[in-house]
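Encoded as structure tokens, the following chain is the form predicted on its own, with no partner shown.
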């Protein structure tokens, strides 16, 4: 028996649609899709629709897309269980995330096999009604540089290998959409060539690459920088490094963890001024401790101590974040002075375009998935809708 088709109308508030900002607007949802958008004044009597009235000072924005997230609420991609991905998919709407890339970490190859197999099956078999949708897998490591490992376990690092990647992509059911690697390592350029041919995003981080080495990788299809500033060569007046390439090369989309811990707010502003909202993507890079209390947690088989929003492997090494997407959304505006529209671009539109899902995600437009976040007057999440289903209400 088919469930009753979803018919929803959201009235009032400001709608940040793809085309324009609509004050005192309405948004109509039929099933999983947005079917109409306009001003309340022209809305005809909505028969057989459930109507949600919101205050005029609330905002309706597109669902946010987190392309780099390891875990949340006690669950992690590397747990390799359906239950863990269910927990992540059910938790993330609380922070305004309606879709994400399940992100792996450098580990023993057998452990990566299991995580990829589990995530691939989950994506191919799970109908994500009322949950955040897993859009694919972000393979972070193990093809990285040992001196820029950060919280990635050094003893499991491998040289970039096209044959290993092909095997992993097969195990995942072709769900790996983004690969973070050190482009200067032997075998990396061959792998980047292949990723580019396959339409998979090749990204640089956990790398010692020089500015010129990044330039060479761009010629072979590198299009992305993972967590800017963290575990990469910095900006130097004689060697611009990976950060310099992120600043100057328009071919690169650039991730930033906007928690004020991984990158100091002033540096986020500097990066924003240089890169602009045309190329920046806001991510959380969060681990399983997000939404949980202070304490000790596992990341890639290592013990991480979380204290007041800071996750540390030891006193010097940051181990992912406990950043919530809605806080990143607020932070980027606070740190840079950018508009809500600009923040939407960096949390929804840019990741959707980069993942080639902008035809159905990343903006509020008729015919697209009804992935929506209603923010209250303080920019906190009041309600999240995933594919037309209410996934969270405050």
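Positions refer to the first chain, counted from 1. Keep in mind that what you see is a predicted model, and the values were worked out from it rather than measured.
Same protein, other form: the form predicted in complex with a further copy of the same chain, not shown, and the subject of what follows.
Enquirer: Taking a further copy of the same chain in the predicted bound form as the reference, which of 166, 114, 264, 220 has a non-hydrogen atom within 4.5 Å?
Expert: Of the candidates 166, 114, 264, 220, 264 is the one lying within 4.5 Å of a further copy of the same chain in the predicted bound form.
Enquirer: If the cut-off is 4.5 angstroms on heavy atoms, which of these, 127, 236, 155, 296, is the one near a further copy of the same chain in the predicted bound form?
Expert: Filtering the options by heavy-atom distance leaves 236.
Enquirer: Report yes if any heavy atom of residue 213 sits within 4.5 Å of a heavy atom of a further copy of the same chain in the predicted bound form; otherwise report no.
Expert: No - in the predicted bound form, heavy atoms of residue 213 and a further copy of the same chain never come within 4.5 Å of each other.
Enquirer: Do residue 240 and a further copy of the same chain share at least one heavy atom pair within 4.5 Å in the predicted bound form?
Expert: Judged by the heavy-atom cut-off of 4.5 Å, residue 240 is in contact with a further copy of the same chain in the predicted bound form.
Enquirer: When the contact criterion is heavy atoms within 4.5 Å, does residue 118 count as touching a further copy of the same chain in the predicted bound form?
Expert: Heavy-atom contact with a further copy of the same chain at 4.5 Å: absent for residue 118.
Enquirer: Determine whether any heavy atom of residue 273 comes within 4.5 Å of a heavy atom of a further copy of the same chain in the predicted bound form, and answer yes or no.
Expert: It does: once a further copy of the same chain is placed as it appears in the predicted bound form, residue 273 has a heavy atom within 4.5 Å of it.
Enquirer: Pick from 264-272, 105-113, 139-147, 85-93: which stretch has non-hydrogen atoms within 4.5 Å of a further copy of the same chain in the predicted bound form?
Expert: Of the options given, it is 264-272.
Enquirer: Under the 4.5 Å heavy atom criterion, name the residues of 306-324 that approach a further copy of the same chain in the predicted bound form, in sequence order.
Expert: Counting only heavy atoms within 4.5 Å of a further copy of the same chain in the predicted bound form, the single contacting residue of 306-324 is 318.
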